[in-house]
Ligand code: ATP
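This document opens with one chain alone, in structure tokens, the form predicted alone.
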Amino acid sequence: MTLDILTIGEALVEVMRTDIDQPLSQPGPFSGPYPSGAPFIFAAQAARLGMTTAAIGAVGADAFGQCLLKQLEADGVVADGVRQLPDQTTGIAFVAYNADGSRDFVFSLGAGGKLSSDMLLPELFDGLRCFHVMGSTLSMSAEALQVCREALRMAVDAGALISFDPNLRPELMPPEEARIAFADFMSSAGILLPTAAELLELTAADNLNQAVDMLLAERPDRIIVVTRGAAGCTVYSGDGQVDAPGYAVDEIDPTGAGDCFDAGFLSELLAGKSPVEAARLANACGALAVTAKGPMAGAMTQAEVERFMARQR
């Protein structure tokens, strides 16, 4: 089977507070578990958009692991590179929502943080069209970073398009360390999907335009999509700069919006659409992602996304 998209990283479930301003430090009700983990949210969205998609990662041999594996099966995500580790529990994130829109987390990565070279099955890379990596995965541990570097080499050797979302997590890796750790992925990426702040951190440029110019000079065929949350995104390439506005929705759960955005952009690009067309659909995927509770619950099919876009027009 030739894959359109392959990703790698942390597999989790999320358990959420049911109401606003319920601190994690006190007893209170939760809902869940919900299948999660940034690369796996991405994979679910890409699969729902019709891409032949696979993910590499690990879960425990437990009920939470089954929760995630069943979701991958339901979405048709190829899980040949997902391991069940009997001596580890499945990664879990407890989430609380605050009235100001912020969130509090307690993480236990467990199996979700365990990546190993034996997960990098050669058949997953044979003929691969696109390999997508996130900085959150690279920041988990030295071992995870090394496995991802090995996966990057395999993807480059296969001739795959490399896509990189920096997804900077300062609590996991300080930006100055990330600049070094992410260097191979930044330089290999034909598609970069950062925020403006991430781009400045990783290039040490004085301003956004300087950062973009540096990256395009290094590789003129590169596409840089600077995400701006609800405001949409800006696409930079050798053809210039184009803004793609966002969509207005009522936010219920922001988890996974960026992951669904990434999947929307790459899926449209691989389907032959222009970068600007891909950005418009990506904005719609990111908007829809926040309209349902649960990281994967707002990830829609191609037809559903297109209907939403038509209504918004």
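Here the structure is a predicted model, which means the values were calculated and not measured. When you see a residue number, it is the position in the sequence shown, counting from 1.
A second form of this protein, the form predicted together with the named molecule, is not displayed here; the remarks below concern that form.
Peer 1: Even though the named molecule is not shown here, does it sit in the model of the complex so that 227, 258 and 290 each have a heavy atom within 4.5 Å?
Peer 2: Result yes, every residue of the spot touches the named molecule.
Peer 1: So in the model of the complex, does any heavy atom of residue 222 sit within 4.5 Å of the named molecule?
Peer 2: Judged by the heavy-atom cut-off of 4.5 Å, residue 222 is well away from the named molecule in the model of the complex.
Peer 1: Give a yes/no on whether residue 271 approaches the named molecule to within 4.5 Å in the model of the complex, heavy atoms considered.
Peer 2: Residue-level check for residue 271: no, no contact with the named molecule.
Peer 1: Residue-level contact is defined here as any heavy atom of the residue lying within 4.5 Å of the named molecule in the model of the complex; does residue 283 satisfy this criterion?
Peer 2: Within the cut-off, so yes.
Peer 1: Does the named molecule come within 4.5 Å of any heavy atom of residue 67 in the model of the complex?
Peer 2: Residue 67 lies outside the contact set for the named molecule.
Peer 1: Ok, 203, 88, 237, 195: which has a heavy atom sitting within 4.5 Å of the named molecule in the model of the complex?
Peer 2: The option sitting close enough to the partner is 195.
Peer 1: Looking at heavy atoms inside 4.5 Å, which stretch does the named molecule contact in the model of the complex, given the options 214-222, 141-149, 164-172, 113-121?
Peer 2: Partner-contacting stretch among the options: 164-172.
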